[in-house]
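Encoded as structure tokens, the following chain is the form predicted alone, with no partner shown.
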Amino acid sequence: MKSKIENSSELPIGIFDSGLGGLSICKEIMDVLPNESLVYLADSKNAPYGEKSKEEIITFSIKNTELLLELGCKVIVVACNTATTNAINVLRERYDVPFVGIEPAIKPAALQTITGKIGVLATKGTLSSDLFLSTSYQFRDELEIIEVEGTNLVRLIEKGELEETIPLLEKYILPMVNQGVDSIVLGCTHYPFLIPMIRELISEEISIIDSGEAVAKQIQNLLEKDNLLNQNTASNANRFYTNNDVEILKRFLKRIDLDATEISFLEF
């Protein structure tokens, strides 16, 4: 039986990720929809999802969804590429609430490439998923997709050790560049935090593409269609919860200049 929640424009947007990566999506949402309230779950205790089995990813995604429903969310953003590609169909079948997912932005890269070569930096869980394989297969005849697994990047980002990723980024990014890519798709919501370091390694002619802005616009369209846009700015409140280190969560929120009504540890 599907679970239901009341439709109300003043209810918050619920967002979950395998840790802190989805904060990059929160920033995009607030830029596009400043009147909305957010509830964010950082499942850092179980990060990275990209190294988990499909069954574990589905279990975590169900747990996170049910907590966000308990907190009264009107729409749920699966702000994790791995969870989207492995679990979102299960969630949509199980719950009567709109879901918005994240997947690598292969189509935008395909539309703008000149060399016909694009790079995709993503987790193992995303690159091996059925959804990613079916999406990338659509473009196999017209472009070369160079896939690279970003092993250990999420672990370092979750610790707040962004500078420590530079040697790994050199290992992952430079071979793509040497093979002639003109776009690099970031297939994990954690990776936009690494854009300054990636930009140092590549020329300005190479585009860095992530899904954040497109996802925010998709949420806006969904809320408009369902008449769920919040018109009451007095109800605005952003709550952020982690099941790991609250201080690291606070540092990331400060890094992206995102206002928070509450930042707390929550066991989930």
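Since we're looking at a predicted model, the values are computed, not measured. Sequential numbering from 1, following the sequence displayed.
The same protein has a further form, the form predicted together with a small molecule, not shown here; the description that follows concerns it.
None of the heavy atoms of residue 77 is located within 4.5 Å of the small molecule in the predicted bound form. Within 4.5 Å of some heavy atom of the small molecule in the predicted bound form lies at least one heavy atom of residue 49. Contact between residue 181 and the small molecule in the predicted bound form is not found at the 4.5 Å heavy atom cutoff. Of the heavy atoms in residue 120, none are within 4.5 Å of the small molecule in the predicted bound form. Residue heavy atoms within 4.5 Å of the small molecule in the predicted bound form occur in exactly one stretch of 107 to 115, 181 to 189, 130 to 138, 161 to 169, and that stretch is 181 to 189. Taken together, 28, 100 and 211 are entirely out of contact with the small molecule in the predicted bound form: none brings a heavy atom within 4.5 Å.
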